[in-house]
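Next comes just one chain, in structure tokens: the form predicted on its own.
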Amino acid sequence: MKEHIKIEDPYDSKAFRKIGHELIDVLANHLEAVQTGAHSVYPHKNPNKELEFWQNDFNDELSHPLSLFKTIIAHSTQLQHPKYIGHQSASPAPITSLVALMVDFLNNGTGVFEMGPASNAMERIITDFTAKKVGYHASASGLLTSGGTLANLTALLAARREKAPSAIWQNGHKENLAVMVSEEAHYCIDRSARILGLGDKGIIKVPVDKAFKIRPDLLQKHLEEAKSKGLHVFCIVGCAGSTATGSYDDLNALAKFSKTNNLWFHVDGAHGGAVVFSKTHKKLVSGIEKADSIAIDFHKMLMTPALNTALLFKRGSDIYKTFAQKAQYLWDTPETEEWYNSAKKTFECTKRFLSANAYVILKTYGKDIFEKNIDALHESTQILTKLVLEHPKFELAVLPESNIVNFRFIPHSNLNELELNNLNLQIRKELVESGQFYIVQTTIKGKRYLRCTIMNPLTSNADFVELIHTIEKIGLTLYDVLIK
């Protein structure tokens, strides 16, 4: 650091004001540029070259922050771009960038009330609001946490405490425990089960049907097989919807099965659970109110930056029991249920002020803004689906229920599956490297599909038409090379 830099300089209010005003102009101009297509959606870079660039930058002389901000933006994937149709990451409402500025400036956590009075109160309001949308009664409780993975792990911890034969929190493992999940469940469920020490045998994956939904008719068979192996199944997890296809499990059937067999019923609604905010699409999660716990990401279909996940419990006391322990410097008694001390019900102690984003969005644009966004994304999904179905050289993997569309390009029937997989892999590679669109890929039952998740409500019909045309153009060119 240069000798003329003083410790007071990072806290200079005048410099902060000037840089702040300039940064807002930069971001607003950039937002306008990506929305009008003036910038590419993805700055294709070789990973090693990118690392080398930033290593050189880091070792170079000090930079003006605004210059550094502009460089970071130029080297980043543009989720605000209408042609970003890739991973399940929201195109955040721009006002949330101002929320982040305020939240980071305040640096108030949510672990204990005295360190975050506003954050704890607002978190209670947002989780109560979401629980009501789910259909839970007033006795429900919830928390916000840093992502669906942590939310699902926390839910399994609560399930284990409630349904395992012995007090594991106090005494450790004594039984061979297991959870039941769909074979299409997100990998974080598998990971969470392993973190809990269940191992390979403790993760019972139930097959899915042609629509990639868990098969209720196989549940009892798999449960009995687990019991015959000496496993104590304590939880079943339903998908709403699955990561690869966005398919929704039959939650009513899972609720009935869990009740009959005294299992904890958890719904991983990290992506698709957001439909509880839509009157039109809430039918996709019929029965979700019967779940013991539910995870819903705000940073997917709810316009919020990552990471921001609601974890809800039908019986609010369940979460407090899960983490009951002494922490004398934070609170006096571990047993009391104090909603205003968030660290009593989550892994995180110094937890970010997560509630501010959803709260500000709802207070600024109305309590139905999430519904409008979900409905817009689903409407766009139908437009893309229709274009795929009407095109003779495209094949749809499954009729989408959510905002995820999987399809592949088949230029001619003379190609085998290996050739088709390679062709669609190369199509995606060229498309992304061009910077025109950003989409991803997935493999379903051995077949490689181009995978589009519609996350931006400003993605238009014209964008989808251009996407289909561009994929066809790239695909035909590659096919000509392939057959020569």
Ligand SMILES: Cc1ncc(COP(=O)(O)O)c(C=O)c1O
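Please read these numbers as outputs of a predicted model, since none were measured by experiment. Residue numbers run from 1 along the displayed sequence.
This protein has a second form, the form predicted in complex with the ligand, left out of what is shown; the following refers to that one.
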Response to the item:
Contact with the ligand in the model of the complex, heavy atom within 4.5 Å, among M303, L311, A270, V134 goes to A270
Response to the item:
From M122, L231, I383, C188: within 4.5 Å of the ligand in the model of the complex by heavy atoms is C188
Item to complete: Using a 4.5 Å heavy atom cut-off, state whether P400 contacts the ligand in the model of the complex.
Response: no
Practice prompt. Find out whether any non-hydrogen atom of L196 is located within 4.5 angstroms of the ligand in the model of the complex, and reply yes or no.
Written response: no
Item to complete: Evaluate G241 for contact with the ligand in the model of the complex, applying a 4.5 angstroms cut-off between non-hydrogen atoms, and reply yes or no.
Response: yes
Worksheet item: Looking in the model of the complex, any heavy atom of T149 within 4.5 Å of the ligand?
Response: yes
Worksheet item: in the model of the complex, which of the stretches 293-301, 105-113, 275-283, 388-396 has residues with heavy atoms within 4.5 Å of the ligand?
Response: 293-301
